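Before any questions on binding or motion, here is one chain by itself as structure tokens, the form predicted alone.
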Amino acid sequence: MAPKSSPPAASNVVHSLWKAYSDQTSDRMKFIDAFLVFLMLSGVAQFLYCVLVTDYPFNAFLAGFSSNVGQFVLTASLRSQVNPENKNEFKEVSPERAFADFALGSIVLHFFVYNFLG
């Protein structure tokens, strides 16, 4: 019979993972990660509202949900470009350039989302 893993062991793993994240991640990355979590929770809330309550007007749901997904993709791209561990991957992209690309992409994304609403 295989030994069962105890809940305190799993709790220790989660605690050590959180401690390593807190100690080794810069404040800039934590801020971006918090925004990514917000976007994910907002998208889940919109999806659950559409499924459980109503999908009328459906184009409003599609606009809001695609806005969340698009912003999540842009933010994840920004995070990968400004992460100091990825400097070798993005040698020619400075953090300022990455943020400018993020801002311009966000403006274009939301322009299309606004036009989709009608």
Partner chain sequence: MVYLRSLLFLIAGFATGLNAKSSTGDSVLVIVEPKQQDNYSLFLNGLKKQGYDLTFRAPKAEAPVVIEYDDPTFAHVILLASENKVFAKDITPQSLVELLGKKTNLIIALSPKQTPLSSLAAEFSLTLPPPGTPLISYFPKREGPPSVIPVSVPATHSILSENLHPVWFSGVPHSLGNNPLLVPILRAPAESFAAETDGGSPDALVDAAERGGEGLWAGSQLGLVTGFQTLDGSRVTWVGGAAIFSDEYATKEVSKGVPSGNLQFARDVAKWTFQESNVLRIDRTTHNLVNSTKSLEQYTTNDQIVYSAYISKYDSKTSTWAPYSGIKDLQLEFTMLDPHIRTALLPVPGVPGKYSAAFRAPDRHGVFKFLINYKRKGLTSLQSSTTVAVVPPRHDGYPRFLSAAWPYYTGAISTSVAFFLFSAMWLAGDSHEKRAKGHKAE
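Residue numbers count along the first chain shown, from 1. The structure presented is a predicted model; accordingly, all values stated were derived computationally and were not measured.
The same protein also exists as the form predicted in complex with its partner chain; that form is not shown, yet it is the one meant from here on.
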Do heavy atoms from each of L78, S106 and V113 fall within 4.5 Å of its partner chain in the predicted bound form?
yes
Applying a 4.5 Å heavy atom distance criterion, does A60 contact its partner chain in the predicted bound form?
yes
Within 4.5 Å, heavy atoms only: does S42 come near its partner chain in the predicted bound form?
yes
With the partner left out here, check for me: in the predicted bound form, does some heavy atom of F99 sit within 4.5 Å of its partner chain?
yes
Would you check, heavy atoms only and a 4.5 Å threshold, whether T54 touches its partner chain in the predicted bound form?
yes
Within 4.5 Å of its partner chain in the predicted bound form: residues from 15 to 48 (heavy atom criterion):
R28, F31, I32, F35, F38, L39, S42, Q46
